[in-house]
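As a starting point, one isolated chain is supplied in C-alpha cells, in the form predicted alone.
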C-alpha cells in the first residue's frame, strides 16, 4: 500500500535549515499496521505528514520517493493531492477537539466528507454517516449526529474522528497519538475498535505513539525513530523479545511492569536528551546517550542494515546488545539504594469520611424557588498516608481523584469530614491554615505550564517557597535553589532560564524541585507524568523514589496508569464517583480477588509485552455524573459482575481480605477469586520478562 524510500524533509526557520527527517525508508502492506515509536522530537509526525505532503508552509520534502498503491505522491500537483487527502488518505489526530469544528453539528461535519469525496447527495451522505458511526460502535448514532463536539466525551469524539477518517475506505490511515489524552478504559475501547476496523477495511495503518504498551495492541511491525532517523525496524514480537539497538532496549527498560515484589526498584533511564537538529553529533546520532558506545561509533554514521529476517538495526555493535531481561537486571542491581524505606511508617495524614460537594445547576422556574442539586465530587472517602510511604490513587476521569488531593492541600475545602496531619485537625481551606502547615504539604500538578509563571525565571519559582515558607534570605534561597536544581538532575545554570526555554520533562523537574523546596512531609502528585515521553516518565519516577528515600517524604500519587502507580506505591486506593472501591497494599490490590472495577481497569492497561494475553473487560458507558449518582452500589450501572436488585438497591459492605486489603462489593471474596480465575495473572508479566 505505502512505500517510502530515502525520504528527507527539512524546515526553513529563522535560525536556518533544520533537517527534520533524513533518508528514511519503510513500507506498509494492506491490512497491516506499522507503528512508529520514539521520544518527542524524533520526527514521527513529520515523517508521516511529509510522506503525504501535508506539511506546514515552512516544511518541504527534499528527496526520496513515496508511493501509495504505486502512485508517486511527490509528483502530484496540489490539486491532485487535495483530491487524494480525505479520499485515499485518512488522518486521526491526537486531540479530536482540534480536528472538529466546534460550531458545526457532528452529523454535518462527517457528511461533508461523504459529499466532497464520494459525490453523495445530502440524504445519502447522512445515511453513510449513520452507518459509519454504527461501525465505530457509537451508542445512539442519530442522537450523536445532532450534537456539537463539546457535548460529547473524549472517547465519543475520537470515535467520530475515526469514522470521518474511514468514511471513504482510504488506502492509508495515519493515526497520530489518538489515545494519549484518553482514560485507560476509554483507550482500551478505542484500541479494540481500531483492531476490529483493521480487519474490516483494506487500509494500511501508520500508528504514531510513544506508548510501547499501545503498540502491542495494534501494530504488526514497528519502527523506532530517533532524531529524524530510524534506529531499528522489526516485527512486533521480534522487537520486544530481542531488540538489536541500544535505543530500543533503553526505551523498553523505561516502561514500568507489574511486579508482585514488595521492594521498589528503579527503571532504566536514558541520560541526556535528543540532540537539536542543527547540532547533530558526528557518527551515530545516539552515541552521546548510548551505554555501549565505542570510538568507532563516533567515526561514521551507521546505516539501517538487515540483521535478520525482516529485522534492521542502525548499530554496528548490535550483536552485543543484551536482552531486555538482562538489561533490567543490571539496572536494578546497580541501583539497589532506591529500595523502599516503607514498612515502619507511622500515620502522617488521615482522611476521615471526607466529603466535598459543589453547588450544581438549579432546578425550577418560579422566582425565589430555584433549587440546586449537589455535585458530590468526593462522597465519604477515608484514607491514611504513612510517613515515608506512597499512597497511589487510581480511577477514571471524573472519579474524584484530584478533588481528594485538593481537599487535603486545602485548595478545595472539604464540605464534611476531618483531615489530620500528625494527629492535628487541619482547617478545610488553605488560607485558614498556619504557615507551618502550608510548608508541610505541597503539590505537583499535571501541567507544569499552568503552574509555572511564564514571566518569572526558574530560580524565582524555586526560591519563592524558600523565602515565604522557609524564612530564608534571598541570597541563601538562591544558593539553595541551585542545589535543588542539581538534586532533580538539572544544571544549576537553569536558574536564570524562563519556563518556555525548557522541555516538558525539564519543567516538571522544576515543579518537583519547587515542591521539595519547603522540605514538606507530604507531596501530592496529580498526574505528574501522564503527558510525558516514556523515557522522561522513567527518569521522573526514579527521581521521586530517590528523593523519597533521601528525605523521607510521603506522596499521594494520582494517576489512571495502574502500572506506574503500582511501581511507585506502597498502598493503592481505587476510587470511583467519589468513593473508595478497593484499598490495600500495592501487592494485594493487584492480586485476586479484585473489585470488579479494579479488574476492569487492569484488563484495560496495555502491557508492553506482546506475549501477555489479557482477558478484555470493557465497561459500558461513561463515569456517571457526580450530580446523579446511581442508587445502591454506584458501580452497578457498568459492573461486569452485576448481581441484580441487591446491587441496584443496597450499598455494598466492606469485605476484608489479607492484611489491610478491603473491597467494597456485594460479592464474597472467595466467589470473586473463582470468577476472576481467567483474569490475567500480573505476576507472570514480570516472570516472563
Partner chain sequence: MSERNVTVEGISGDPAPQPRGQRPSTRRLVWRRLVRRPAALVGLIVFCFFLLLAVFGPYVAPYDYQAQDVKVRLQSPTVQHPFGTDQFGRDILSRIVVGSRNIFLLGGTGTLLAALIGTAIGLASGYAGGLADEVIMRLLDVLLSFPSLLLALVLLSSVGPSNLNLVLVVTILYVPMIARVVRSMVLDLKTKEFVEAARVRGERRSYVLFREILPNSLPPLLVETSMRFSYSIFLVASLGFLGLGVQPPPPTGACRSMKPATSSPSRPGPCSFRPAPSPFW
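We call the rigid core whatever largest set of C-alpha positions still superposes within 1.5 Å between the two forms. Numbering follows the first chain given and starts at 1. Being a predicted model, the structure only gives us computed values, none of them experimental.
The same protein also has a form predicted together with its partner chain, omitted here; what follows describes it.
> Non-hydrogen atoms within 4.5 angstroms of its partner chain in the predicted complex: do 54, 452 and 469 all have one?
Yes, because 54, 452 and 469 each have a heavy atom that approaches its partner chain to within 4.5 Å in the predicted complex.
> Please pick out the stretch from 435-443, 352-360, 579-587, 250-258 that is in contact with its partner chain in the predicted complex, where contact means heavy atoms within 4.5 Å.
Contact criterion met by 435-443 only.
> Report yes if any heavy atom of residue 465 sits within 4.5 Å of a heavy atom of its partner chain in the predicted complex; otherwise report no.
Flag for residue 465 set to yes.
> Do residue 292 and its partner chain come within 4.5 Å of each other in the predicted complex, heavy atoms counted?
Flag for residue 292 set to no.
> Verify the contact flag for residue 411: yes if a non-hydrogen atom of it lies within 4.5 Å of a non-hydrogen atom of its partner chain in the predicted complex, no if not.
Looking in the predicted complex, residue contacts with its partner chain include residue 411, since a heavy atom lies within 4.5 Å.
> Do residue 456 and its partner chain come within 4.5 Å of each other in the predicted complex, heavy atoms counted?
Within the cut-off, so yes.
> Work out which of 626, 68, 49, 639 lies within 4.5 Å of its partner chain in the predicted complex, going by heavy atoms.
Comparing distances to its partner chain in the predicted complex, the residue within 4.5 Å is 49.
> I need to confirm a contact call. Of 323, 169, 530, 447, which residue comes within 4.5 Å of its partner chain in the predicted complex, counting heavy atoms only?
Residue within 4.5 Å of the partner: 447.
> Would you tell me if residue 542 moves between this form and the one not shown by 2 Å or more at its C-alpha, with the rigid core held superposed?
Superposed on the core, residue 542 moves its C-alpha less than 2 Å between this form and the one not shown.
> Does residue 457 move its CA by 2 angstroms or more between this form and the one not shown when the core is aligned?
Shift at residue 457: 2 Å or more after core fit.
> Note yes or no: does the Cα of residue 471 move by 2 Å or more between this form and the one not shown after the core is superposed?
The answer is yes, as the C-alpha of residue 471 shifts between this form and the one not shown by 2 Å or more after core alignment.
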